[in-house]
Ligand SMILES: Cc1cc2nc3c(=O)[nH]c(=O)nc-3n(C[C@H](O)[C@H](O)[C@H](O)COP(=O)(O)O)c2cc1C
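Single chain ahead, by itself, as structure tokens, in the form predicted on its own.
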């Protein structure tokens, strides 16, 4: 009944056992709990887990590819995931947050005068001036670091890498943020240069590694970083020529998190497969595999999108947090037993915003029982 979901796929040079991918998600959990959570997702039968926001430069608040401790964590994670026949992908990213500029808001955050919801737009206001003012030599240093980080990721046990097309790649891509007058700004071709250099740096270091690209698309008023839909015919061929082997297509960030993680009652993105129209446009521009995402929960709907060729893979986050066994239940013909995500955002997005980590309302129900 779900033959396409359960079929294997050559995803840009990497064989996946089925078509279900755990979408990159900042879970905000302690390392031991994170290993347990992702091990549970892998055991549930998905084909690949993408680890979100792996920094391309040393430092940061998450495990670093540049430290022994970080390498040890990622190797342990790879062991857990690979044990279940699941692949592991590192989403390489560079933050576009201006950390020195953030200092002015620290007193307000500590005293409670500035909430996390209020802090986000304040930080986004600094993105444009920050990336516009970065010296060209610093920009080049960052794009080259994508290649170094990719090498370190493979040493740590990752099977492939994804270049995060939001964050700094997305801010350089967006005319809303990028006001540079050099070769990195102005025309869509110039604004694509940062992303193209990042992909090229990976490809030079690792000629055979599959490179996924998270293609962040903005549709005003939703999403501020990333690529306008009418700019896709410029960006997609340039990225493919640089070495991208697959595209993970979604809505651009730097706006309200309820847009990129839309609840069921979202005015524009409340429907199942809410971001798949962006995939339709990308599909018309490339023959590379395209991964779709956006409120996917229903096996019948997912099967139809895959069977029709609209997408090649389906990425889920909230659904696999609600029920990690979604792939196994579908494979075993027990789809009626799936705990379907209701897209309430209470304990997933809500947990993240409250600094409690990403959880699910179904976990509460288990505890009550």
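What you see is a predicted model; the values in this text were computed from it and never measured. Residue numbers count along the first chain shown, from 1.
Keep in mind that the form predicted in complex with the ligand is not shown, yet the notes after this line are about it.
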Assert contact_stretch over 137-145, 286-294, 169-177, 77-85 against the ligand in the model of the complex, heavy atom within 4.5 Å, equals 286-294
With the partner omitted here, the residue among 260, 132, 95, 245 that in the model of the complex has a heavy atom within 4.5 Å of the ligand is 260
The one option of 302, 316, 42, 322 with any heavy atom within 4.5 Å of the ligand in the model of the complex is 316
Fill in: 4.5 Å heavy atom contact, residue 218 to the ligand in the model of the complex
no
Quick one: is residue 18 in contact with the ligand in the model of the complex, heavy atoms, 4.5 Å cut-off?
-> no
Practice item. Although the ligand is absent from this view, report whether residue 358 comes within 4.5 Å of it in the model of the complex, heavy atoms only. Key: yes
Heavy atom of residue 352 within 4.5 Å of the ligand in the model of the complex
yes
Those residues of 4-21 with a non-hydrogen atom no more than 4.5 Å from the ligand in the model of the complex are none
